[in-house]
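One chain comes next, on its own, written as structure tokens: the form predicted alone.
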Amino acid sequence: MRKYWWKILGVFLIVYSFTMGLLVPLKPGIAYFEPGATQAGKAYEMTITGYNTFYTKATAAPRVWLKYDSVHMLIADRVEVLGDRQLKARFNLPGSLPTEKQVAVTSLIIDDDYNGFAVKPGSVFITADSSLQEISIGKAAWGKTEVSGVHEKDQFNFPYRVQLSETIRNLYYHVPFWFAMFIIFIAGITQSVQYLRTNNPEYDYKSMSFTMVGTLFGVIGLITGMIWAKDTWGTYWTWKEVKMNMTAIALLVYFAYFILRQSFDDDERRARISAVYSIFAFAAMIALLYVVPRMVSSLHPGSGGNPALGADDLDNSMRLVFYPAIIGWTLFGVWLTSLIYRMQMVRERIYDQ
């Protein structure tokens, strides 16, 4: 039983990531509201629809703010609870804005003692008549209130992101497959290097097995990414998204590895050329997936020179599922590789007989 501990751990972590990733609810948030624009100096009444909220369970009426910056904000004069997911908030907007610009873009903030606080940044557009605009009056009027005493929901939840909503759970499957693929490909090229050093055919079969599983994980990662893209971007594939295009090219490079192996009858020559090609394919994958996308703008995190998986992409609750998922799928990939390797060795022994 001891020698199978890593297999048991891998299965446990995969089951854990599926269970937690699918069942843990998202934090309450702001789904949408209307109207999204108004004019300074008028009464502004907005209807807000929450996500995963229970406004009727709050002991006091929720508080609603329009926040321009850290010192200029307004609190709603009246907030009416219409239901668990709906609020109606009314603001008496000053005639001037706290800025020289004719349009102020404000964030919407809601807080109550049951759901906690939720923020929808850059959501409400307020325009002002430039002829009536007096900045000093605007700053004074918008600086009378502050966001204070907000509540934190005392429950384990995943964050709510307006653009992603429930699809944020795909982070526990789409991205871990890529991480596991990367680790498995590294294991594959180490076996290729070992073959070039020793000419031991076992290293060739191990390298091929790792490459086969790594390519499979890459295909699954691409498919889960396409499903995610359909929900968030509105299409399964866009040629304007550089990372998707580079991923397709990288997988084609690895598909060519298997075609290359079939083109040689001599075992030693096939193994040697395959080992060299696998090293080239891995270097190409690094350039295509981790270098080129950082040089251009992209819808993916970590593009345009920005780091991925930072504080804006992952919070502590997500890390408790994300990292175990990476470990679980990696261990599963190693297990699958060992099965493929053993099948190859059995096949070779049958052919030798």
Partner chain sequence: MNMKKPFSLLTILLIFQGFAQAQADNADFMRSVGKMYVVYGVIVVIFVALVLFLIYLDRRLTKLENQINDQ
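Since the structure is predicted, the reported quantities are computational estimates derived from the model, not experimental observations. Numbering follows the first chain given and starts at 1.
The next section is about a form of this same protein that is not shown, the form predicted in complex with the partner chain.
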query	finding
Answer range among 114-122, 75-83, 275-283, 156-164 for contact with the partner chain, defined in the model of the complex as heavy atoms within 4.5 Å	156-164
The partner chain contact at K243 in the model of the complex, heavy atom, 4.5 Å	no
Distance check, R169 to the partner chain in the model of the complex, heavy atom within 4.5 Å	yes
Interface membership of L22, the partner chain in the model of the complex, 4.5 Å heavy atom rule	yes
Heavy atom of Y323 within 4.5 Å of the partner chain in the model of the complex	no
The partner chain in the model of the complex reached by all of Y32, F185 and Y290, non-hydrogen atom within 4.5 Å	no
Residue (of I220, V150, L251, I189) lying close to the partner chain in the model of the complex, criterion heavy atoms within 4.5 Å	I220
Partner-contacting position among D267, E146, D231, E100 - heavy atom within 4.5 Å of the partner chain in the model of the complex	D231
Residues in 47-62 with any heavy atom within 4.5 Å of the partner chain in the model of the complex	Y51
